[in-house]
Structures are given as C-alpha cells and as structure tokens.
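Quick heads-up: it's one chain on its own, the form predicted alone, in structure tokens.
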C-alpha cells in the first residue's frame, strides 16, 4: 500500500497534527481485505461511543471510552500505516453510511464525537493549526481586551471549576448563537451578543465546522453512490458496503462457550433464569402452541445450538413439542431435516451461527410469527407485561421503555439484564447468546457462594 503522510506544516513541532479533516479521499491503493477490515475496526470504535452516549456517560467517561476503543481497534502492525488506516476507514464508512438519512445522522454524530475527543488531545499549537485549516472567521481577543474583561472571564472559569491559567489567556469572540451548548452550560462569558471562548473550549467551534463539512460531504457521496458507484462496483465493493452497517462485530457463538452443554431436563429452568426476552418468548410460545413458524424455529433453534444443546437432544426436544401438534411421522418427514441442517449435518454441511441482536432487530415478523426483537416488535402493553413476568421492577421498566421509544433496543435489553440479575453490564448486550453466557456467570457465581 502506498504510504500517504498526513501532517500539517508548522514552524513549531508542537503544531504538527496527525488528526485528518477528511476533506478529500487520498490516492491510496487499498486491498479489498483491508477495505473491509479497516472499516470494521473503525465501526467498533463508533458503535462503542454510541453505546456510551446512549447510556448517558459523562464527557470525561466518553473520552476515556474513546481512548480505549481507539487504542484497541485502530492500531496497525506498521506504524507508518496507522494514519492511512484512519483515513481509509473513514472514507469506507462514509460510503456505507451515506445511503439513507438515518445512517447519515448516526455516522455524523459519532464521527463528530470522535473528532471532539481527538481534537482535545492535540497541543494548543496543533489546535490553532487545525483552526486555521477551517479558516474560522473568529476574532482573537487582544491582550488589552482580555485584561479589561479578565475578572468576568475568571468568574465564569471558576464557576465551572476551571480557574484561568496562562494557557487559557487565548480567547476568541464568537456570535453567541454559534456555541449554544457552551451558552446553555454557562461555560462562556457573553457580552453584546458575543461569547468569549477560551482556547480549552475551542473544540466546540471546530467540531461544529467539522460536522458541517462532513454533513455536506455525505450528501455528495450519496449522489455519487446512487448515480454511479453502486452499479459500477456491484460485483466487488457494493455487497461489502451494503452489509457493513448491519454487521455484527462480536463472537459468532457457533460453538458453546463457557457453559459447554445444556440438557433437556434442565432447559425449562435455564430458560427462566438465563434466556433473553426474545428467546424466552419463543420458548414459551413453543411450549404453549407446540409449534413455531420457520423464522421462530431458526431464531430459537440456532440459539439453543449456541448455548450447548446437542443435535440428538435438539431433535428430541423439537419432536416432543411438534408431535403434539403435527404428529411424530410428519415431524420426521418435514422438520427434522432443517434441524440437522442447522447443525451442519445436511446439505452443504454449513455450521450455521446463532442470530445476532442486529439481525433479529432487522427482521420483519408477519402475522402469526413470534420471532424478532420484542423491544422493537411488541406493543408497549405487551412489552410491559413481558418485563413484568421477568420480574423487572417498575422503575427499571420505565427506563427500558424510554430506551425503546428512542429505538435503542439493545440498550433496553441491557437494562433488562441488569434489572433481572442485579449487576451492571458495561459491555452492553449485542447477542442473545452473550446474554445467556453473562447470565450463567451471574447465576453460577451466586450458587457457589
């Protein structure tokens, strides 16, 4: 891969920054494998930040989270390629997330949050160099003007717990309507329609410009995508681009993890203690109706496979239920094959993996179907009733419903897990089998005490 250096010229070494502004795609030769892998690594960072923001983490907590996520995912074996990976991954995801308004909105918010964190890491000189790149029309406060307002500026600084230091004597005057978050938080001195913004808060100015530039770029990228790129790359890049935004980024759970096997004898008890709501609902409907449609059989069947139900036990389990509705002979003729197929014993011998939350959420159950995500597909009344059966307390139910109304379905499931088990789940729930595994850890730790 061609090395593409990205450093700003400066008279002082402290002004050198490797934080790209992503103005135009670089002339890089990228292998198809790296095209996808780099994008997935960056997506892990953005989704981690998204989860943190949705859970109401404070700015300093988001900074720490972004630091850990960036360090874990955006490394490269060759130091000279780190910046290239940064730039390539951004432009790949720009293609991925330009395609609908909802996708653009999410990407714009997460990239801006990431930019804020990275900008704050830069030295003051490098921050000024970045400001110069945006050509911001803000006036620097002169020394004499600063001295005349020093008391007022100092008072504001002390009120937010940040007394003025020599490094903070650099201020800019900005129309107050351009920094609403600083005004709302009473973090700036406002005088005659202008806000006096300290250098340590200038990130708000730059982030606003970054967001504006990126928003326009996403619209232009969408036009190029729909007019030419999608069709030109239909056999190569298009399938990757269209799949990335719904990609599950965690373990596939095709094999049982910490808890190697479950038996038919214990399955009812385990379902009540450790199945997530989506699987618990399917399990109860199977016991009640002795039948599930194809979508439900796939969703529950692969989940049970992933938590350790062996093929022979799976056949016995499903046969015991379905025989009550369709008879043993019809079960053997019409349903047993698909169960063996899921375990890689028929057809192409593919070892199918359990469905992730993302796949379940994006499914579209029809009339008479019971698969899908309850947090998305249940009515409010039915969801409240289901949470009540799981003994989720009323306060937690309201928190869950708040997440559902904001379409944070995985966070709603995470809050349910925390309420049921009385413990936090900072990683968030991203997969039903992850829910089961984490639940079993909690259950078994209580048994061993």
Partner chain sequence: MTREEIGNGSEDMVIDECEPEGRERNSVPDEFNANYLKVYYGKLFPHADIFKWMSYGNDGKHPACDQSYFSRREFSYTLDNDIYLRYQSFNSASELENSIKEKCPFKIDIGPVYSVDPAKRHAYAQTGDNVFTPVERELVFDIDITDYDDVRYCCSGADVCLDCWPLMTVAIKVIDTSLRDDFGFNHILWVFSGRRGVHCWVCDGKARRLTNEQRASIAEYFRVYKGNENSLKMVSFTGLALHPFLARSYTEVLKDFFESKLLLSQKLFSAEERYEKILEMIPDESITSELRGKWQENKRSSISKEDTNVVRWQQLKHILQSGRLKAQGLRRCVEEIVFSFTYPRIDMEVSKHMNHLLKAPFCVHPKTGRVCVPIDPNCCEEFDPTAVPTLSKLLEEMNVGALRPDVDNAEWDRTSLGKSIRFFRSSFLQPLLKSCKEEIENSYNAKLQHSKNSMSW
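Numbering follows the first chain given and starts at 1. Just so it is clear, the model here is predicted, and its values are computed rather than measured.
Beyond what is shown, the protein has a form predicted together with its partner chain; the following relates to that form.
message: Please pick out the stretch from 111-119, 281-289, 337-345, 175-183 that is in contact with its partner chain in the predicted bound form, where contact means heavy atoms within 4.5 Å.
response: Result for this chain: 175-183.
task: May I ask you to state whether residue 317 is within 4.5 Å of its partner chain in the predicted bound form, using heavy atom distances?
output: Taking the distances in the predicted bound form, the answer for residue 317 is no, it never comes within 4.5 Å of its partner chain.
- prompt: Taking heavy atoms only, is residue 190 within 4.5 angstroms of its partner chain in the predicted bound form?
  reply: Residue 190 belongs to the contact set for its partner chain.
field: Non-hydrogen atom contact residue 159 with its partner chain in the predicted bound form at 4.5 angstroms
entry: Result yes; residue 159 sits at the interface with its partner chain in the predicted bound form.
message: Within 4.5 Å, heavy atoms only: does residue 152 come near its partner chain in the predicted bound form?
response: Result yes; residue 152 sits at the interface with its partner chain in the predicted bound form.
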